[in-house]
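You are given structure tokens for the same protein chain in two forms, set apart as structure 1 and structure 2.
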Structure 1
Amino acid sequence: MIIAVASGKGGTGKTTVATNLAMCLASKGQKVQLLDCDVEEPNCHLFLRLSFDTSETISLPVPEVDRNRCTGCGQCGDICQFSAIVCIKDAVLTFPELCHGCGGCSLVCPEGAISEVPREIGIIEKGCANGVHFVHGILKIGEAMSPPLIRQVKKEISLKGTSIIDAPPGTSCPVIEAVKGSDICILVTEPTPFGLNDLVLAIDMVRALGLPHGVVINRADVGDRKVVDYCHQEEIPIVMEIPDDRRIAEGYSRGQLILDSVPEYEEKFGALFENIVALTPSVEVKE
């Protein structure tokens, strides 16, 4: 089963839910994988005592033009929708950071003058922490496009056991790349006007993608009741509530899991998993 953990608003506790859930399942002897797809600001590793086994560079194919073959016909510039290759007079210029790697220019060039060379966009690291198989992507600083890197991280999903995805915040393309294809998307929010506003956007997103979903309310006793009312009105299941607790906040600031700062939570994250299983009746968890 693939569980994506996302949130419209950042900083609501997505990473907390993903890491604690993963650890809780692993401690019960389940096969579990955690994939940090928040490649712009990956944080899961800060909460896990990890040893990384592998690190791999991830690249996108970008065009390289052989000037000796190029006749300046301009067909490459015509096909490119992203102005990543342009032909001005007889010279072809490329702008690799705009290139989406679609391969159109090399396919269309009548002279075979374009080859594709790799351009680094980030790295993927893999490791293990107390029984959790962990993968994350780290986007290179200055790189605008995270979806291709997220796609690579998700290629590591193993279909056995449970895979938990920590998605980036928001509702646009990187989030969609991270959550699509999962069996359920858990949206973490807080009961404030900002939390509600961004939850509504996130619910619209999971509905547009047709994903089963549930809501975790973090710091459930701050703010107001409008998030709960909204969930009831829209018949969205609330799968967990985590009260505001100084022990959790302090532990979090030091990179500690809730399971470590407040051990009673072992049971609560177990209950969260049961709620998730109940919402995805058609998914069987393969051991």
Structure 2
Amino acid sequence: MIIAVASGKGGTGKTTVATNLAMCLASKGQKVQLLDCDVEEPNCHLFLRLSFDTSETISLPVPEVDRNRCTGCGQCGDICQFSAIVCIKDAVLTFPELCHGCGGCSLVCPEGAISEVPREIGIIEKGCANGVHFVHGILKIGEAMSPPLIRQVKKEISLKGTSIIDAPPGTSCPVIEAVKGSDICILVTEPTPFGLNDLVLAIDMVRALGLPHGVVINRADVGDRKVVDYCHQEEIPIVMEIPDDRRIAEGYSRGQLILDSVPEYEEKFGALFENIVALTPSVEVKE
């Protein structure tokens, strides 16, 4: 089972839900994996307090043109949808930072003048903490495209047990790359005007992707009831409500999981998983 945890905006508690759910399942003896796909600013590892076993450099293949063989036909530029390679008069220009690594330009070149060279985009690190198998990606500083690194992180998804994906915030390409292919997407929001506005955008996204979904409302006892009313109106299941508990905030400031600072929440995160399973009856969950 693959559970994606996302949010329409940052700061709603997405990482809090993902890390505590993963640790809750591990404490019950379930096989669980946590993948932090928020590669621009991964932070799940700060709460798991783990040591990394392996680190792997991830590269993207980008075109390199042999000027002696190139005839300037322009077919490479015609096939590239992102203008990563263009032909101006008889000169071919490449822009590696725009390249998505599809390899189309080298395939259509009639002279075989285009080869591919690796361009480093980030790293993947793996580790384990208290039964949670963990993977995250760290995007190279200055790199503009995160989806290729997110795809590499998702290649580590295990076919056994439960895999939890901590997605980037928002509804743009990196988020779509992170959540697509999941069995369910849990959207974490807060009862504020911004929270509601971005939740509506996120709901439109998961519906367009055809993903089963539910909502977790963080700090549910503050603000107004407009988020709850919206979920009821749209028949969106609210799978968990987390109150504005000072103990949670104090624990968070110390880098603690909710399960560590407020142990009675283990039962509530267990109930969250049961609610998630109920929304995905076609998925068989194996320990």
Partner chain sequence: MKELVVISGKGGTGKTSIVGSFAALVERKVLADCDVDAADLHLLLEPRVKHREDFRSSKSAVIDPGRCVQCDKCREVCRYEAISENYVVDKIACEGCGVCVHFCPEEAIKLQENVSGQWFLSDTRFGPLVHAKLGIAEENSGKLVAVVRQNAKLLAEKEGLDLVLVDGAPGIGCPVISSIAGATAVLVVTEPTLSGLHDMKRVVDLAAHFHIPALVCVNKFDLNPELTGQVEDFCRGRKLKLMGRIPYDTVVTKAMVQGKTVVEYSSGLVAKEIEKLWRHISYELAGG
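Rigid core (definition): largest C-alpha set, two forms, superposition within 1.5 Å. FYI, numbering is relative to structure 1, first residue = 1. These figures come from a predicted structure and were not determined experimentally.
Of the two forms shown, the form predicted together with its partner chain is structure 1. With the core superposed, Gly127 shows a C-alpha displacement below 2 Å between the two structures.
Once both forms are fitted on their rigid core, the CA atom of Val65 lies 2 Å or more apart between the two structures. Relative to the superposed rigid core, Gly161 undergoes a CA displacement smaller than 2 Å between the two structures.
In the rigid-core superposition between the two structures, residue position Gly74 carries a C-alpha shift of 4.2 Å. Fit the two forms on the rigid core and the C-alpha of Glu111 turns out 2.9 Å off between the two structures.
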